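Next comes just one chain, in structure tokens: the form predicted alone.
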């Protein structure tokens, strides 16, 4: 059996894994009476056949998968593709795929409407139609997003290791967190150490936001220097062997004031309530409500300005979305963030976040960095 090995994660992926994923997708396509699906989103192409290039088109058929690439990616596709026949095209992917669909007389095909521009879709349709009516095109909706929500054991292990790396790097940088150090220097140090530890890259631009800038949930690290008597938010995550982790910790520089304690302890309680309450089958909005109820009870509900979390995997933001009104059930195997926060204009913010695996025997935190002590002496 051929194995895809990744030295950074020390995990091997069997070919059968991609076979199983394509089989599960075909089952879902059968339910909506589609035999073919055109996959154009690169991350979904990787999920289904292992090809990691930034340009390609995968056609999943009833018996075989075909992967079209341009000459830049031919050798890479032949090396990486598992279970998909590689076809090199020098005339444009939409033309090559459309011509094949026309010649094969495909009657109906699904497409990823959220990941295909109107111009690209028109080119595929025109080439597939030729002089006839061509296939019937059907928007397939979030069928692959839903499939990827359930992480198999190989995926869970990769995210677990990405989380462990993220937590370890944060612990190593903690001695550098002191008044006078610039936010951008700490962010650069965190990203440098992630790569030194084996990460492919940061999962997103690392956030270090101190003092009043902590009231911006998505503040970028700036040249501002940390000051004593302030809160500092660190939001970071590593991509290790294709899979991401996401973690946030908040520190107070010095002995915390009563106000800082109230904010931090309220957010910590909200985060614990949401994490502890995670279980297979619960609605994503219920997880959000668990955190929101705690902050509202403590008089801080109006300062919680975003959703409680999101799915994590091949992308750092994917399904499900832990937000108000989200009724989608979260199955066992889902990996989500839990990240309540409060943001006070002119003062600062507190956010605490972990990446968590939802399992039948209880939630597993995959970003094991300590939350205490949360202040410096």
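Residue numbers count along the first chain shown, from 1. A quick note: this is a predicted structure, and the numbers were derived from the prediction, not measured.
Not pictured, yet referred to below: the form predicted together with a further copy of the same chain.
**Q** Give a yes or no on whether each residue among 282, 286 and 374 has a heavy atom within 4.5 Å of a further copy of the same chain in the predicted bound form.
**A** Zero of three within 4.5 Å in the predicted bound form.
**Q** Only one of 222, 99, 255, 138 gets a heavy atom within 4.5 Å of a further copy of the same chain in the predicted bound form. Which one?
**A** For this set of options, the contacting one is 222.
**Q** What is the one choice in 293, 172, 276, 185 with a heavy atom within 4.5 Å of a further copy of the same chain in the predicted bound form?
**A** Contact check passes for 185.
**Q** Pick from 245 to 253, 229 to 237, 112 to 120, 142 to 150: which stretch has non-hydrogen atoms within 4.5 Å of a further copy of the same chain in the predicted bound form?
**A** Among the listed stretches, the partner-contacting one is 112 to 120.
**Q** Do residue 73 and a further copy of the same chain come within 4.5 Å of each other in the predicted bound form, heavy atoms counted?
**A** Residue 73 belongs to the contact set for a further copy of the same chain.
**Q** Is there a heavy atom of residue 215 lying 4.5 Å or less from a heavy atom of a further copy of the same chain in the predicted bound form?
**A** Contact check for residue 215: yes, within 4.5 Å of a further copy of the same chain in the predicted bound form.
**Q** Residue-level question: is residue 178 within 4.5 Å of a further copy of the same chain in the predicted bound form, judged on heavy atoms?
**A** Residue 178 lies outside the contact set for a further copy of the same chain.
**Q** Closest heavy atom of residue 103 to a further copy of the same chain in the predicted bound form, within 4.5 Å or not?
**A** Residue 103: no contact with a further copy of the same chain in the predicted bound form.
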